[in-house]
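Quick setup: one chain, the form predicted on its own, written in structure tokens, and binding and motion questions come after.
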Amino acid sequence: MTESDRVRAAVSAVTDPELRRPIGDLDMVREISVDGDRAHVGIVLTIVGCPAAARIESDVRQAAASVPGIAAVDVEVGVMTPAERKALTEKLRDGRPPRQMPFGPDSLTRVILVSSGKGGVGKSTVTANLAVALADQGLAVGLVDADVHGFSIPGLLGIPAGTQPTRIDDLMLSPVAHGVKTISIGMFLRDGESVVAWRGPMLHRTVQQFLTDVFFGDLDVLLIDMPPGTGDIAISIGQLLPHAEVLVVTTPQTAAAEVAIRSGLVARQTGQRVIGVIENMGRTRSPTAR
């Protein structure tokens, strides 16, 4: 193996932080040559203004410099052509046609809806914590914030305001926080805009786009933070994901528990399976309490 081959192998193993795949597999590595102890490395990014550009260039430089005998590295950064981007998106879809949802009944991804009968019971907090806990166990986790009118997942996961998905043609790459790939309508609102005044058709189309146009890659678990109640989005997701499992969140109050039952009943009517109920904000009596 020549020095150029060793540098290519090291650079090709660098992971794209958004796509979570080696850049060699993504056809992002170009010409590589070695002149004495100096390596010249060419790479291409997916789009102009790629938010991960600085990190990728830094990781490529470090990878090339780690090869024995290399003392200096020159990195030339370019951008994919439209034809190359098209080939990349086809590779990422793994043969799946555009606009087709990858989380159907034959998918290996476990889809869990976290729902509640009413707001204010800590449903989104439970969803965010569950997602991070599963990611910490080594699972590939995606999170869809389907609570369009009351979105809170970006804030709970610490995703900075103004963070938007990167677009590669008709694919969106979801931001990653704490190891969780996340998408929310809050990422698309303009500065100062905090209210989403949409009705049924717009809500259905938004949720559908989250499930079809966002590239999550191979997931072990997809969590969906549902809006409270049994409205349009619950019905839409029941149609799109009838095989999904449902986790109901409630609080000890009778009013919350009664409406939580309705949420579970709607899930059953669409063919979904309720896998558990979480009672949040409950008090635990001490064994020594009188």
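A residue's number is simply how far along the shown sequence it sits, counting from 1. Just so it is clear, the structure is predicted and the values come from calculations on it, not from any experiment.
This next part talks about the form predicted together with a small molecule, which is not shown.
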Touches the small molecule in the model of the complex: residue 119 (any heavy atom, 4.5 Å): yes
Partner contact for residue 264 in the model of the complex: the small molecule, 4.5 angstroms, heavy atom: no
Residue contact check: residue 13 to the small molecule in the model of the complex, 4.5 Å heavy atom: no
Partner contact for residue 163 in the model of the complex: the small molecule, 4.5 angstroms, heavy atom: no
Contact segment among 80 to 88, 120 to 128, 216 to 224, 136 to 144, judged by heavy atoms lying within 4.5 Å of the small molecule in the model of the complex: 120 to 128
